[in-house]
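Take a look at this one chain, the form predicted alone, written out in structure tokens.
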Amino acid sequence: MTIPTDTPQSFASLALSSAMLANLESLGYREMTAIQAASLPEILQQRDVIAQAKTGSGKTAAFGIGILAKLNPAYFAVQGLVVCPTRELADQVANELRRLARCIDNVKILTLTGGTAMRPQIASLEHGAHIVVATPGRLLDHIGRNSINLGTVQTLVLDEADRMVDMGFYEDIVGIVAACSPRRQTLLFSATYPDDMRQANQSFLRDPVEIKVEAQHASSQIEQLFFMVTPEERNQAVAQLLFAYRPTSTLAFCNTKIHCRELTEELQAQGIDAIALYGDLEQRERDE
């Protein structure tokens, strides 16, 4: 189904506990976004879901509420598993899940990503966890070491699935899915869902409902500008545009790590507070 974005609905229309509704209210979540309104009723009915939604659409709350709605905090086993393509996204998702879980006593949410030592993660797993948010490579490491049991997973979420496939994680995902309970609910969130990905994921999902949000922003909310410059002028042009527009904050994307470093150095030389973020940095540097 394709969902328009102009149909606001209240979270109170869902079959959620009064504690969860009160917590959502305290977080400022009053009306559902389009992807939440379309997917949450299906998720709460235990349907497998394929949802196409852009970043910032509210998808984390959609699958987070679904995981928490059926969580049994007295059962200290991995009941929810969220797989993300990057460490940063995994941390972001875990933090949002902790906010959503404030209304439930003693819920343990554990993040398993690379760039940090295995031993503390293994120790945490020995004491149990209700929800795990992980990157594919590190999760497979734990599966290989038998330090995690995914046979109790009730809800498996593949977040930004298209990015994970693009990054070469498809075989890793196959191994992770195989380690999970066959009776699980599977939720796949993705910005795009091409035909080859659809065919590959058929074995993961059972009679899934497909949901697609048509648009995320009205055209009046975003202004797009294009500037034609030579490669040699690019870095200086970025500095000039920042001085001209004086934005509160800016995110600049470069297509190589080398260009990330070069642009950062140019902006710093112009007196602009800038930092670079790319894959070769140590985890401590990425976190900072």
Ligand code: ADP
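What you see is a predicted model, and the numbers here were worked out from it, not measured in a lab. Numbers for residues come from their place in the sequence shown, where the first is 1.
Keep in mind that the form predicted in complex with the named molecule is missing from the display, and what follows is about it.
Chemist: Can you confirm whether Q121, G137 and S147, the three residues that make up this candidate site, all sit within 4.5 Å of the named molecule in the model of the complex, judged by heavy atoms?
Modeler: Answer is no for this spot.
Chemist: Counting only heavy atoms and a 4.5 Å cutoff, which of 28-36, 256-264, 234-242, 41-49 contacts the named molecule in the model of the complex?
Modeler: The contacting stretch here is 28-36.
Chemist: Go through E96, D162, E210, D141 and name the one with a heavy atom inside 4.5 Å of the named molecule in the model of the complex.
Modeler: Spelling it out, the residue with a heavy atom inside the cut-off is E96.
Chemist: Can you work out whether K54 and the named molecule are in contact in the model of the complex, taking contact to mean some heavy atom pair no more than 4.5 Å apart?
Modeler: Within the cut-off, so yes.
Chemist: Is A61 one of the residues lying within 4.5 Å of the named molecule in the model of the complex, judged by heavy atom distances?
Modeler: Residue-level check for A61: yes, a contact with the named molecule.
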